[in-house]
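The data below hold one chain only, encoded as structure tokens and taken in the form predicted alone.
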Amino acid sequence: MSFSHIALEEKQRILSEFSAVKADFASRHWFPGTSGNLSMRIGPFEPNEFFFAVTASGKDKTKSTPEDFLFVDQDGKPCETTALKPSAETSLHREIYRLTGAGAIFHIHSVFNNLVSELYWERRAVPIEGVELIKAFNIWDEDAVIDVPIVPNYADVPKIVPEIEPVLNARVPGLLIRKHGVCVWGKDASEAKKHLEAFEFLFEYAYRWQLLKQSR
């Protein structure tokens, strides 16, 4: 299916939902210094052919304008005539969609997700053990244990892309980029938002628990 065959109503629905998520995250101060980016997939999915809406590069995400988002294809190329540029991290979104078939991907920078990415860098994953909010990822094991993978950060963002596939875990819908931020995904915007909230709670818990253990 070409992008032109996707109904206008579907595009409008995606953009409306997108705007609401962006406003919610902005109210939580999750976009410092215009950082972070969001995307939502639209239309049918094949690993080598799909479309998604993504935040435009360099925009102040605390404000709402008609130039906040644009639609791109699986190669990150705009689907419509526009002067807007997709987010610098669009290549990461493309790869995660290709590998997971997710419906939405959110990438934010926060103090705690940066701290734990460095704290556990040598381990290459943040260990979370037995914390209730692991259930947000539909993991119901008693005293569940998960590892949130950490990949290297490069100024040339596409260099991060090959690091993603080897660390993906179907049970853990997120990954950290060292001293950069977190990427999370879900079947739709609602699930991706739930996952992001859970990860941010767990990252703060992991950092504070480590401090408590060291102070004993």
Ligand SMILES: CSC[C@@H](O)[C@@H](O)C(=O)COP(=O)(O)O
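The first residue of the shown sequence is 1; numbering continues from there. No experiment lies behind these values; they were computed from the predicted model shown.
Heads up, the form predicted together with the ligand isn't pictured, but that's what we're talking about next.
Pick from 184 to 192, 34 to 42, 144 to 152, 165 to 173: which stretch has a heavy atom within 4.5 Å of the ligand in the model of the complex?
The contacting stretch here is 34 to 42.
Would you kindly say which of Leu133, Ala88, Ile139, Val111 lies with a heavy atom within 4.5 Å of the ligand in the model of the complex?
Answer to the contact question: Ala88.
Check for me whether the ligand, as it appears in the model of the complex, comes within 4.5 angstroms of all of Asn48, Arg94 and Lys159 - heavy atoms only.
No.
Using 4.5 Å between non-hydrogen atoms, is His180 touching the ligand in the model of the complex?
Although the ligand is absent here, His180 would touch it in the model of the complex, with heavy atoms inside 4.5 Å.
Heavy atom to heavy atom, is Thr62 within 4.5 Å of the ligand in the model of the complex?
Taking the distances in the model of the complex, the answer for Thr62 is no, it never comes within 4.5 Å of the ligand.
At the 4.5 Å heavy atom threshold, is Gly58 in contact with the ligand in the model of the complex?
Gly58: contacts the ligand in the model of the complex.
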